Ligand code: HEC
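Encoded as structure tokens, the following chain is the form predicted alone, with no partner shown.
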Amino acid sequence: MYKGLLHTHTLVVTLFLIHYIVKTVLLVGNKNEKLANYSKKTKVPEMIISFLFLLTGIGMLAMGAGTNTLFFVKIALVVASIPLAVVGFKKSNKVLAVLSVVFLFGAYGLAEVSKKQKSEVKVDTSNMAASNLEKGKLIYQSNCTNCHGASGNAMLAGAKDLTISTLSPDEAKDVIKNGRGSMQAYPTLSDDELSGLVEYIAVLKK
């Protein structure tokens, strides 16, 4: 369910951005007649895309999508871009129209930055004098509880229930290292950290 929402949201955001880029290019290029025709023909699709943009975003948030400072800045940029776009195109104000698209690009950029940050392990165990299992527990508590929960069965943001997982250790390592579905990849984990994390997940099953 969450994976489907994520893909739909990504598609809708892409269409939304392309649509406003086209309108802005026409406005800046003084193609007023073409802009009027394009706006008239795309009025209903624009309403549908805007609605789906909002609906999928709310749906993902309700299903446990992670929030942080960048998330709220992204939302602020999107919200600010809407009135700028409305006024900009209604008044044929090129500055406001361009600014609205810049805000949308900024929101998209922040989303990518946030995605990259999530893939970075939040704790360094390389210098710890601890067993792989202890390292795995620390990594899990620092990086995995937002979606899987402390017990492994929270199932937020499309996360699987780790307490009933049937993945083999090698399969689990592959999913953690490379990601799958809505699961973020963690390519920077060392072999020991990865082994420790899989060991700790096995403890959650018990």
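Numbers for residues come from their place in the sequence shown, where the first is 1. Values in this document were obtained by computation on a predicted structure and should not be read as measured data. Rigid core (definition): largest C-alpha set, two forms, superposition within 1.5 Å.
Only in words, not in the display: the form predicted together with ligand HEC, which the text now covers.
Q: Is residue 12 close enough to touch ligand HEC in the predicted complex, meaning at least one heavy atom pair within 4.5 Å?
A: Outside the cut-off, so no.
Q: Even though ligand HEC is not shown here, does residue 5 get within 4.5 Å of it in the predicted complex, heavy atoms only?
A: Close contact is absent here: in the predicted complex, residue 5 is far from ligand HEC, nothing within 4.5 Å, heavy atoms only.
Q: Would you classify residue 165 as touching ligand HEC in the predicted complex, given a 4.5 Å non-hydrogen atom cut-off?
A: Output for residue 165 is yes: heavy atoms within 4.5 Å of ligand HEC.
Q: Contact between residue 144 and ligand HEC in the predicted complex at 4.5 Å, heavy atoms?
A: Taking the distances in the predicted complex, the answer for residue 144 is yes, it comes within 4.5 Å of ligand HEC.
Q: Report the residue, out of 70, 60, 175, 49, that has at least one non-hydrogen atom within 4.5 angstroms of ligand HEC in the predicted complex.
A: Contact with ligand HEC in the predicted complex is made by 175 alone.
Q: Only one of these stretches, 36 to 44, 23 to 31, 157 to 165, 50 to 58, has heavy atoms within 4.5 Å of ligand HEC in the predicted complex; which one is it?
A: It is the stretch 157 to 165.
Q: Check 148, 181 and 186: does every one of them have a heavy atom within 4.5 Å of ligand HEC in the predicted complex?
A: Yes, all three are in contact.
Q: Using the core for the fit, does the CA position of residue 188 change by 2 Å or more between the shown form and the other one?
A: The answer is yes; the displacement is at least 2 Å.
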